[in-house]
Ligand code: AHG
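First, one chain by itself in structure tokens, the form predicted on its own.
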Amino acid sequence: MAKTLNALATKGEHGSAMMPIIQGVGRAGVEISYLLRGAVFRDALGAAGGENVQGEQQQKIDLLSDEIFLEEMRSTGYVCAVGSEEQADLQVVDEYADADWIVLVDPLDGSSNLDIDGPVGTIFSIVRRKSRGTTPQESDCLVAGNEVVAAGYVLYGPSTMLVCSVGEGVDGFTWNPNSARFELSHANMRIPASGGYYSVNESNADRWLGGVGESLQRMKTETGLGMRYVGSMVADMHRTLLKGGVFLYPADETNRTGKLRLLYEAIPMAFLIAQAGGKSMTSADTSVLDVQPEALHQRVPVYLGSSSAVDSLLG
């Protein structure tokens, strides 16, 4: 009999506590997948007319996905607040404001790919709130990656996949429309130690800071890695996790502290890569998981992948 998300309850110290929340993530993923399939017929594509806290144009589909995710987290009964890339402030779940867990999410990563019917995804992590006996605060979310309890992503491609970890390895579950459930399809995922690809928008190389362009050229010579790049972090990291190599998004002249969000993108993916036997760095001497967040929407450079590829790039 196929294993479902219920199997997470038997994994690690926090598996049983994480299972209902990750089941909620799965429900949100199915709803978002359905929304994406019919978005062109529902006037759900195009700009929403506003900007997010980073000053980026929000898309209708981003806001709809954000609403879906918040409602599914509320329905679990175990989440006191949700921090979202699409919201300037922490969204408190009033009915369960005394619950233990906070979920941090990028509801729809890579939404610009929808113009070409490309793959997109949802990225999430789960942390234990720091405060007790009060309304959840932004400070409750500012947890370093080495204290994250669970993380994962949902990939919306030819199939819908939920890849996650509760701190004991990484497992991939694929939505089976026949049984209407996520079923274990990729058990104990491990990033290959060698081979694979590098993923980056290399057209920006002349604007990268810190000599990363030269380092990339050296790494390509040393490793022989080919290049693949989708422009959706979920899709590019899914390939990296399965095939090996490295995903990078360096700081540049425009984004001098990096472009990707620490809480919503870098930490969840770094947590997964570490659980899969890889390496996650924000510089040559600092792991993504060791960075202490200072703000909800903080950005950092990222270098994520197999240890050999990351070491070759940053060494």
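Everything numeric here is computed off the predicted structure, so don't read it as measured data. When you see a residue number, it is the position in the sequence shown, counting from 1.
Keep in mind the form predicted together with the named molecule is missing from the figure; the text below concerns it.
Residue contact check for R261: one or more of its heavy atoms lie within 4.5 Å of the named molecule in the model of the complex. Heavy atoms of N201 reach within 4.5 Å of the named molecule in the model of the complex, making it an interface residue.
Remark: F271 does not count among the residues lining the named molecule in the model of the complex, judged by a heavy atom distance of 4.5 Å or less.
Residue contact with the named molecule in the model of the complex: V163 places no heavy atom within 4.5 Å of it.
Checking Q87, S111, T223, T76 for any heavy atom within 4.5 Å of the named molecule in the model of the complex turns up a single hit: S111.
None of V82, M233, A150, L241 but one reaches within 4.5 angstroms of the named molecule in the model of the complex through a heavy atom, and that residue is M233. Checking 241-249, 213-221, 140-148, 175-183 against the named molecule in the model of the complex, the stretch whose residues place heavy atoms within 4.5 Å of it is 241-249.
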